[in-house]
Every structure is written in C-alpha cells, then in structure tokens.
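There is one chain below, alone, in structure tokens, taken in the form predicted on its own.
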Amino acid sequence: MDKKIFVYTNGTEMSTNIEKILRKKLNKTGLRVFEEYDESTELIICIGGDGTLLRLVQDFNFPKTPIVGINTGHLGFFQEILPEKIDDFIFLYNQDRYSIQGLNGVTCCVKTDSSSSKHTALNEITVKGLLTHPVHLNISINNSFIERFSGDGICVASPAGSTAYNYALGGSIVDPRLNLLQVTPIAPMQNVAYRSFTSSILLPSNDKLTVIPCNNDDCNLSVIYDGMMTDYKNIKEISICLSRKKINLVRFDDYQFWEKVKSKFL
C-alpha cells in the first residue's frame, strides 16, 4: 500500500518551487501526497525554516505523525534535509533507514480573576510585563518559594528550545536526550534593592514552576508561546511544566545533535 504523505509549506516562492519538485519525485516512488492531513497520514514533510515547523506544530496541535523538514529558511535547526538532498531523503525513507526523535514541549496554565487558559509550545513559554515594563514575580518550584524575581521576565524552555530564544538570553544548550526544563531570566535586576538569579535554572522533567505576581501592578502580563503572544489582565497564577505532548522528528543515520550545534552556531 502506498504511504500517505502530507506536505506543509510556508508559501514562499522558494518553498513553493521545492514543493513542486518534491511532489513529482514522491509520486514516482509510490509515495502519495494528500491535500488534507488526518491521523492516517504516515509522514508530514515541512518545507520552510524553524518558524514554519513551529507553526505546523501549533496548527495541528502537536501531531503524532512523524515530521521531517526541508530547510528553505535561515537557521534550519529542526529541518533535517537540504533541498539538494531530496533524492537521498526519499531513498532512505523508502528503505526505512531512519529513526524517530521525540521532543516534548512545555505547557502553561494561566489563571486570572475570571478564567483559566492553557498554552503549549515546542520551544519555550515566556512571561513578560506589558509594554516592556519590568515586573516583580514570586517564583516557586513544586510549591516551595524560591525567589522574588525582578526584571523583564522569564523564559521557560524545553530541551528543544534551548537553542532558540533561551540561548539568545545566555541560557545553556541542552542535549535533547535530557528531559528537563530550563528557566532563564530576562534582564534580571541585581542591586541593593532587588535580588534575582542571574543565571538559568535546570529543573527535572516532573517539576512544576509557579509564577505569582507580587502586587497589583504586576498582574498584567504577556505570555508568549513559540512567538505567539497573549496579553492577560488580573493574573493570579501561572503554572509551567514540561508537556506530555510531543512531536516526532524523523532523523537519519548521519544526524548528530552536537555536530548540528557546531555547524549552526560556530
């Protein structure tokens, strides 16, 4: 039986041209491309950059179907295949010469005076003050108070997101085989009036981080999940933990995480 493939693209001219070439090559090898995604789909091919893959994850709510990326973007950290290597990819996929790498996301629950909302991101959840105002936040781990944070906000990243915004903030690169959360401060205040951690904190995968505004001036916050922002008023509590939701990326034999890190960042 033909394998069912769904192609997701960012719609740029380059990606559209690559999609046309890809479809012709797939059809010649018995891989059927369908116009709609459903749970019977056996592979999602994502054409674009890392931002395209993040949109795919949100659009299809962390699909269980394996995903492979063709990079037509800038960094392409998640994207496994270069456009000139499409023939190699099809051959290896048809030969079942690949493995699956599961990547968990990070999820948050935002409680306000009148509602409760949940967001899940593959890379990171960021909590900031509105209009770039500094905020003061009581931070607890597993209901144990840790610090009164003062600064622009915090970024809570999954291992997959350690090389994204977290890295730009000075956080650590984490091997995705380690299942943990990383909490990185954003412009923390450290002076005679305020004391905040100035380095990132690593938490075990089953720990929960709780953020409670210190006073009424800090109750209006922005929650950003993989670049998508929602502003909230009258926040009572934000709880953040590693999500049970995950995506499954197709990896081929020559994939090495630290080789990828070296090629993309050094």
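These numbers were taken from a predicted model, which means no experiment stands behind them. Numbering starts at 1 and follows the sequence shown.
Just so it is clear, the following notes concern the form predicted together with a small molecule, a form of the same protein that is not shown.
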Q) Is every one of Gly51, Gly76 and Asp226 within 4.5 Å of the small molecule in the model of the complex, counting heavy atoms? A) yes
Q. Of Ala168, Leu130, Ile173, Leu178, which residue is found within 4.5 angstroms of the small molecule in the model of the complex when only non-hydrogen atoms are counted?
A. Ala168
Q. Since exactly one of Ala164, Val183, Ile81, Val135 fits, which has a heavy atom within 4.5 Å of the small molecule in the model of the complex?
A. Ala164
(Q) Looking at 189-197, 86-94, 111-119, 154-162, which stretch has residues with any non-hydrogen atom within 4.5 Å of the small molecule in the model of the complex? (A) 154-162
(Q) Against the small molecule in the model of the complex, would Lys208 count as a contact residue? Criterion: heavy atoms within 4.5 Å. (A) no
